[in-house]
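Look below for two forms of one protein chain, each set out as structure tokens: first structure 1, then structure 2.
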Structure 1
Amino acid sequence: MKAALLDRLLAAKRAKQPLAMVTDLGTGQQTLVFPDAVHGQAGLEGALLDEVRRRLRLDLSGIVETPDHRIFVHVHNPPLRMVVVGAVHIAQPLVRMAVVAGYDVTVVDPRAAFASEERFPGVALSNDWPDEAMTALAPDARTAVVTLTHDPKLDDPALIVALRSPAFYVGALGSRKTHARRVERLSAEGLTAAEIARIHGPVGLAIDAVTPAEIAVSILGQVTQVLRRRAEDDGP
């Protein structure tokens, strides 16, 4: 690996650009493939380049064999993202665990006393109203959204944006009763039954969690399950 190519790869990762490092396993030559550009040693073109970009879209690293080449495609996508709405007590362990699991986390709460640097050191915080914050964050297919306030004024606007986005996971804290009322409100707001059915509510896996940290484990467990089962469905 040429140090210059490694530096370029790391710069792209810091800029959160998706790219693939392609290694010819015979010659050792390497190429960086971006969605719209190619940099490096090995001439990659045609069907092979298309296959690399297909894998980049699917987040699928692996070996590709052709009659002339055996190449390794190493996909470096930006980190998964998690948007946590509600800088409440449960958010504190959830954010720390999600960071360890590799997520880029943003906490949204217009109540500045909750979403403070002191309570969430080193985490991206937004004090905007949840619908504005969510629209700005633009959840994509690599984003999980979890609402924790169980205050309809804050959770509902965030959920409406999340459910109309490609976010891979949408979860909402609250009891069955709370969730039933939420479903009624969201229906009244014009969301379809299919959109509302995407909500994981009550949020998290059923592991009889009690403490905030245990509830965070159950939420992160469910997010992981949804992420990995989806990857199996879309797999090679």
Structure 2
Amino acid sequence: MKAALLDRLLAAKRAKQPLAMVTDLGTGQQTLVFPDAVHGQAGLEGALLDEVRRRLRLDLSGIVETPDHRIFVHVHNPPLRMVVVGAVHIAQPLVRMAVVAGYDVTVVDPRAAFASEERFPGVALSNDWPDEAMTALAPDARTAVVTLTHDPKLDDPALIVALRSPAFYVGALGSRKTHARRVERLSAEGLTAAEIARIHGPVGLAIDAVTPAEIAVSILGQVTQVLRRRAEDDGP
């Protein structure tokens, strides 16, 4: 790899920019493909460039072959993150499943007895107030936020920050009645109808989940659905 290309790659990774390193397996030429730019030698264009960017959105490295090209696409995306607000019983299976699915997970709960190493071993914990924690974590376009406390004093501050961030998913636990009251409160706080409409509430896919583990499955399933459908919808 040329030094200039390596420098650009490392700078992009430090800045947490999504990109793909594309290597032409015939010529050895390499190109960096960003969502909105291309830097390098391989001369990617048209349908081939579209396919590289599709793979970038889907986190899908691998070989791509056409009649004229055989390339290897190595995706270098920032990590997927999940912020779980509320160290409640549902959070425990959700966190374990999310880690297996490839998410860097942070559990936020000012109640230290809930957000403890004993209950969430090996997981990043924050005992800050949810709005402070969310501001520090700075959700980006590869972040999912799930609020689970059922307590407006904890959920609402986190939701206000999340809904004004680029987070690709925002979900909140609660019944339809609970969500209706939540909408009223958030409207009173000055959030727009479009911002509030981003909330998946009640959270999770409608699979008739009952147990904490089943609810966690429904939540992670919905997060995955939103992530992947957004990736396809953002395509050319």
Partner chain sequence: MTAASEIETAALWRAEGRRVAVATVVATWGSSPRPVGSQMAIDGDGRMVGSVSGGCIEGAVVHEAMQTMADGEHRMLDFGVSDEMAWEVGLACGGRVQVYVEPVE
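When a residue number appears, read it as a position in the sequence of structure 1, where counting begins at 1. These numbers were taken from a predicted model, which means no experiment stands behind them. Definition used throughout: the rigid core is the maximal C-alpha set that superposes within 1.5 Å between two forms.
- Assignment of forms: the chain in structure 1 is the form predicted together with the partner chain, the chain in structure 2 is not.
- Looking at 182, 78, 163, 27, the entry at the hinge of the rigid-part motion between structures 1 and 2 is 78, while the rest lie more than 12 positions from any hinge.
- Between the two rigid parts, the smaller one rotates 55° against the larger between structures 1 and 2, as C-alpha superposition shows.
- On the core-superposed pair, the CA position of residue 69 changes by 7.6 Å between structures 1 and 2.
- If you overlay the core, the Cα of residue 11 moves by 12.8 Å between structures 1 and 2.
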